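Presented below, as structure tokens, is a lone chain in the form predicted on its own.
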Amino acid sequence: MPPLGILLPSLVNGLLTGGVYALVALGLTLIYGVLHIVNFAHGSLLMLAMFGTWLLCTEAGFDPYAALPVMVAAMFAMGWALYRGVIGPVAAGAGGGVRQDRAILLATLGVAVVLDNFALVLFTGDTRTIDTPYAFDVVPVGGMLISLPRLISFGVALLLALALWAFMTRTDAGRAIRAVAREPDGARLMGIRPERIFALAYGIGIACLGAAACLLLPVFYVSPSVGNSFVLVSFTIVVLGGMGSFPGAVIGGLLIGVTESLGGLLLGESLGPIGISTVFIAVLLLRPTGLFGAAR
């Protein structure tokens, strides 16, 4: 067992990383909770957002955190257009039931393949990072030195998660989203147009990726395959917290961040991700509904 002086910083580092993981998973949770689809394009869309942030930083001189409003707006627009142009028409053309679910799943998988190959052609397979003046700055906390970019990213991620929760619970648009998620036919009778709400929810879910990209890039790399690193993490968090549960996504993100950090410390960097797979399998076996999911 590593000494406490090493174990505690690793735990804190995992919590800070988990906050950004939670933001990525919140977008996936919102999309599943409202549209009831598994968005296999989530990782590829995050990769695209990270490249967008990288371009803003290297070509336009943006600070990654200052680029956050731009990327949130851009990814929301892309999510809206993607639903209107691809997912919505596929869902309408497939009818309903299992056939529709399969069609949407294949559509999101196809989007992921197209985006991955588009990025590979445009950016090649090289790994890219950005340089910031504060990249190596640290904050002393209780005898530990905490990375300033990770601390900022964690705080902003939690604030955005809180803002999303407030939007969903305190605004008319948020209530409409929840109404459509629970009973689309009843919502239609109340004058709500479900197709517009579906597009809005998908856009917000993808906008979360735009924010997460800006928070990740100061401490992470970007490449055409980087989305694959987040797919398993995101789905594990959603399953762990409970499909469609906002609190579950936040708690699950923090737990997975800690699991990844401690796994890397105890097993080494190459074997550390085994902990995430182990948690995923254990949740499926012991509590398929997740920590905050309701039994059906």
Partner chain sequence: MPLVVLAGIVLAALPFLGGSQYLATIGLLTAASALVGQGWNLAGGFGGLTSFGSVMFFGIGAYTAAIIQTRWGINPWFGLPAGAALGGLAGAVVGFAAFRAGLRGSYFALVTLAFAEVFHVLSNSLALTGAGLGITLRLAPGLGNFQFLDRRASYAVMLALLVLATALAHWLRASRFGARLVALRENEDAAQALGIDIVRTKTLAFALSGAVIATAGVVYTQTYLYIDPSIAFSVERSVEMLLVAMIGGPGTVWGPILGAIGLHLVADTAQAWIALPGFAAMLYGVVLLAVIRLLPDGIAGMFRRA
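Everything numeric here is computed off the predicted structure, so don't read it as measured data. Residue numbers count along the first chain shown, from 1.
Heads up, the form predicted in complex with its partner chain isn't pictured, but that's what we're talking about next.
In the model of the complex, no heavy atom of residue 175 sits within 4.5 Å of its partner chain.
Residue contact check for residue 113: one or more of its heavy atoms lie within 4.5 Å of its partner chain in the model of the complex. In the model of the complex, at least one heavy atom of residue 105 sits within 4.5 Å of its partner chain. Under a 4.5 angstroms non-hydrogen atom cutoff, its partner chain in the model of the complex has residue 90 among its neighbouring residues.
Checking 149-157, 207-215, 130-138, 117-125 against its partner chain in the model of the complex, the stretch whose residues place heavy atoms within 4.5 Å of it is 117-125. Proximity to its partner chain in the model of the complex, defined as a heavy atom within 4.5 Å, holds among 57, 255, 262, 231 only for 231. 86 is the sole member of 192, 181, 199, 86 with a non-hydrogen atom lying within 4.5 angstroms of its partner chain in the model of the complex.
Contact with its partner chain in the model of the complex holds for all three of 99, 235 and 280, each having a heavy atom within 4.5 Å.
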